[in-house]
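Single chain ahead, by itself, as structure tokens, in the form predicted on its own.
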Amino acid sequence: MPEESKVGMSDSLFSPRSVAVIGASGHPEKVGYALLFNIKKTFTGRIYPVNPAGEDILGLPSFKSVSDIKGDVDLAVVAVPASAVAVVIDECGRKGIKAVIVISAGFKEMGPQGLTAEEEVLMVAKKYGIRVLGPNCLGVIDTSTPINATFASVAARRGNVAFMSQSGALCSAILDWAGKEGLGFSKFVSLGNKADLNENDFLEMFEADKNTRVVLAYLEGLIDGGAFMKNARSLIKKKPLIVLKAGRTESGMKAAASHTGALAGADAAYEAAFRQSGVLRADTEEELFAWSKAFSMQPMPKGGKVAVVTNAGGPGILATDALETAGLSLASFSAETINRLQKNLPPAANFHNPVDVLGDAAPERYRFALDTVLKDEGVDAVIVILTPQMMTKVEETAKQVSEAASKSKKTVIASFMGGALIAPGETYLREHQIPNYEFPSTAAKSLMAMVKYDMLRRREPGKPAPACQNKDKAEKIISACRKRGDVVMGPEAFDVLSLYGIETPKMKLAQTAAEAKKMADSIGGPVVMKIVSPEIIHKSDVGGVAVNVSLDRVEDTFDRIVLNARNYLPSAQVQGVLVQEMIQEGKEVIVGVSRDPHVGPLVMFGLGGTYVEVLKDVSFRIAPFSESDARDMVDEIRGSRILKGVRGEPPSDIDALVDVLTKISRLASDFPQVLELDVNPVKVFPAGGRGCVAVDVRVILAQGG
């Protein structure tokens, strides 16, 4: 969306001067009543109820049609039957309205007939340059304007969190929960069916919004993964983006013909997109909002060194475990800090981290300990734990914690543990911008999210692999295969890899046993022999592969491989047998590509061999990606220690492997007609040796020329 239209759209949706409620109703059980009630209660601009009866509604004069309104209208909120929405949008267009929220349901969520109706609505909207939110949505809230253009029964508190959701029902529940937790929103958006405006538009709007400090999203899918990644990368330089993505376990590519396709599943592409663009992915609703409290209330920590102040030893140990599990560390106190604590705390207290101020700690003892550790230069953040004992003054302690935090620029998070006994303290903390968590582990994970975000926003994006100078030659090879109707590329796939600068073994295609012998002699034995047939994808399964073939066994092996193939599939077109240099050294890894319809080319990396689909020790990235992304892919798998050398083995050539990964990512990005690609195995030699050799490759092409 161009900058000018983005600003204009944001103003029309979130801070309009006038609103028409089309389908307004005087019946309290109707959606049109709830919409008008909420808008009238919050909005100080001009409100125009639209109802065919033309009667006064909620004390406001109504209009039979939007065209009867005399003044300008910035925003229309539509709640009429689905069959009437297209006509209403046409009327809005003739009135000059540029932003419409379609609350009405009954569109593509209902099936093919509903999809047709939704497409008609969108076609009419485009005719007039109208931007549409929905249909089938709850609406929007802006707490600064203010305006509540939803039919939710609970209002949003004013705050600095922007939230968007594909689920309207979840929106209502979250508003209720947020009210209880004291979480405030700057903007609140129900995306609905995303016929027009989608998550990418709102990422841009939220980035520009001065009232938004943190962005949350509940998403079930992405309209344009590439645009999402671009917008997310831009947004996180200024404010964190936390996403809860539903559908993690949904079955993905059901008929994948490669290892990569089988391993990618439904969620790997989204996980890779989020990771590469700096998105913090929450696994649960609890995490989504636990993290948001920390971001919305506290300053960012400068590092991951944490101090713990507690009045109970057990929770302090739990906090320590949780911090280390989350990837953070206990801060080491300076000698000055330890001396001050030792001189002023009871002898039974613990003066090292975690600081145990003991169960009888008065509020002033908490204050002293907290002030002391906050002044230590080796401390980036503090978790304050309180368990309610008979003598504990919970609310007074909360006041002391809040005052100490207000005088420091460091992050302070609380875990006042309990129920009714700690409620007054929890309320005080919340009112003074100290997030409180029921358990220390939740506090630790929320702090981890802050530290991780700070690292992500400071990370410099690497440069993708440079363009391939031989792309045109590779394109001719791929085009020729597709024109022949090949779904699986033959030995030409090795030629494409070579053009992209990836080393392959010496090889030749033999049509007869005698040719195979001659070729093997020229290569030098032993050799690998593989059947070449577009109909036979998994060669090993049919006896179509022989390894470590000595020169005197080449002709017999040729005949046996061809016979196995014909017995397996008599109709198969056998193009010959590939005679290939036997690569015996090096560690085996797999590099693959599959194509996600929403996110794009997905590159996979893992240790190679026959067990890759069982162990699933793999990492993913969206192509094209940078050298630093490729190094992260290598580091992420558990087997990376094997590649880096164990038990005296020399380390593998990681630099060469990174080079292969980036070149494959460029190839995948250059050719959308490559649906799947497996380079399995890639042999990785010890550092300083041959580098990497792509021993076998399988490429699945999209049909057509």
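Throughout, we count residues from 1 along the sequence that is shown. Nothing here was measured: the structure is a model prediction, and the numbers come from that model. What we label the rigid core is the largest C-alpha set whose atoms superpose within 1.5 Å from one form to the other.
Missing here is the form predicted in complex with ligand ADP; even so, the following discussion is about that form.
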{"item": "Listed residue (Ser332, Gln575, Ser540, Thr325) with a non-hydrogen atom within 4.5 angstroms of ligand ADP in the model of the complex", "value": "Ser540"}
{"item": "Of Val528, Met417, Ala86, Ala349, the one that lies within 4.5 Å of ligand ADP in the model of the complex (heavy atoms)", "value": "Val528"}
{"item": "Exercise: Glu396 in contact with ligand ADP in the model of the complex, heavy atom 4.5 Å", "value": "no"}
{"item": "Close approach of Glu91 to ligand ADP in the model of the complex, 4.5 Å, heavy atom", "value": "no"}
{"item": "Ser652, heavy atom within 4.5 angstroms of ligand ADP in the model of the complex", "value": "no"}
{"item": "Contact flag, Asn680 vs ligand ADP in the model of the complex, heavy atom cut 4.5 Å", "value": "yes"}
{"item": "Candidate spot Glu475, Met489 and Val496, all three touching ligand ADP in the model of the complex (heavy atom, 4.5 Å)", "value": "no"}
{"item": "Heavy atom contact within 4.5 Å of ligand ADP in the model of the complex, the stretch among 528-536, 552-560, 270-278, 159-167", "value": "528-536"}
{"item": "Heavy atom contacts to ligand ADP in the model of the complex at 4.5 Å, residues of 572-597 in sequence order", "value": "Gln580, Glu581, Met582, Ile583, Glu588"}
{"item": "Did Glu109 shift 2 Å or more between the shown form and the other one, C-alpha, core superposed", "value": "no"}
{"item": "Large Cα move at Pro526 between the shown form and the other one, threshold 2 Å, rigid core", "value": "yes"}
{"item": "Core-superposed C-alpha of Asp360 shifting 2 Å or more between the shown form and the other one", "value": "no"}
